[in-house]
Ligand SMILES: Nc1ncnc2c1ncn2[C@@H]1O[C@H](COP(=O)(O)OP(=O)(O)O)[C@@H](O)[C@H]1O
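Heads up, the chain below is alone and in the form predicted on its own; it's given as structure tokens.
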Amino acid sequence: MSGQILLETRGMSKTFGGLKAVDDVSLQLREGIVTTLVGPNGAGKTTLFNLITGHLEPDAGEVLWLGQSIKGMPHWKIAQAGIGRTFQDLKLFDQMTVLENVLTVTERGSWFWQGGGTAARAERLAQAEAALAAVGLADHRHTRALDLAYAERKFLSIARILSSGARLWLLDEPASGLDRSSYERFLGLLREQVGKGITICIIEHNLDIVQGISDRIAFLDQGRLLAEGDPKSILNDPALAAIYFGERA
């Protein structure tokens, strides 16, 4: 398979009480492609994202970024390394403007490793403005996030990760609830970014979206990685389809 391995999990596991949310998952995310995590509700997809990004500590296993372990690193340092993510609940700052929301991932007061000075501030502002233009929100820069339409809020969450300069995007159901026009714009945006060298791993339940966006699919169920491969082979597997639609034997 072509493409450098950017991120790899090896034997990743996480238990909550008696529930194994992630069970011995080994996964490789390769440069320049879209990998989609699919599976029924409760399969462990979001938990896996939380383990990768340092929002949860794994019980066992390893996370490697560019061949180096990032296990145990704080989530802000993992973001600094070039791994960005979105959340199902978006986690926007509702009372802040669209531009202010994007600047939170670039301003020195938020990410304290960044340098100060007039030139640096101008560069971060330009970076934020470019991200808003890319997602179609430039005209809403002074609108409060609270006052945006649902699809616009989704695109704002993408603008924040775009402005962060992350090399790997982990997107948790970013297209859920989008109308057809917004979905087509979203799909075009992701493909444009992949063409620029961004690598994407996405959690998605809508199979039309999965088929439209995926280069590779990883199928999880009950915390385990059951199958991994090209979209056609995974989506046409009757055993996996039975699990996905709740038709277990």
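The first residue of the sequence shown is number 1, and the count goes up from there. Bear in mind that the values here come from a model prediction, so they are computed numbers and not experimental data.
There is another form of this protein, the form predicted together with the named molecule, and it is not shown here; the text below is about that form.
S.K.: Do residue 188 and the named molecule share at least one heavy atom pair within 4.5 Å in the predicted bound form?
M.R.: Output for residue 188 is no: heavy atoms all beyond 4.5 Å of the named molecule.
S.K.: Is there any non-hydrogen atom of residue 67 lying within 4.5 Å of the named molecule in the predicted bound form?
M.R.: Contact with the named molecule, no.
S.K.: At 4.5 Å between heavy atoms, is residue 19 in contact with the named molecule in the predicted bound form?
M.R.: Residue 19: contacts the named molecule in the predicted bound form.
S.K.: I'd like to know if residue 43 sits close to the named molecule in the predicted bound form, meaning any non-hydrogen atom pair within 4.5 angstroms.
M.R.: Taking the distances in the predicted bound form, the answer for residue 43 is yes, it comes within 4.5 Å of the named molecule.
S.K.: Of 180-188, 194-202, 43-51, 27-35, which is the one stretch near the named molecule in the predicted bound form, taking non-hydrogen atoms within 4.5 angstroms as near?
M.R.: Single hit among the candidates: 43-51.
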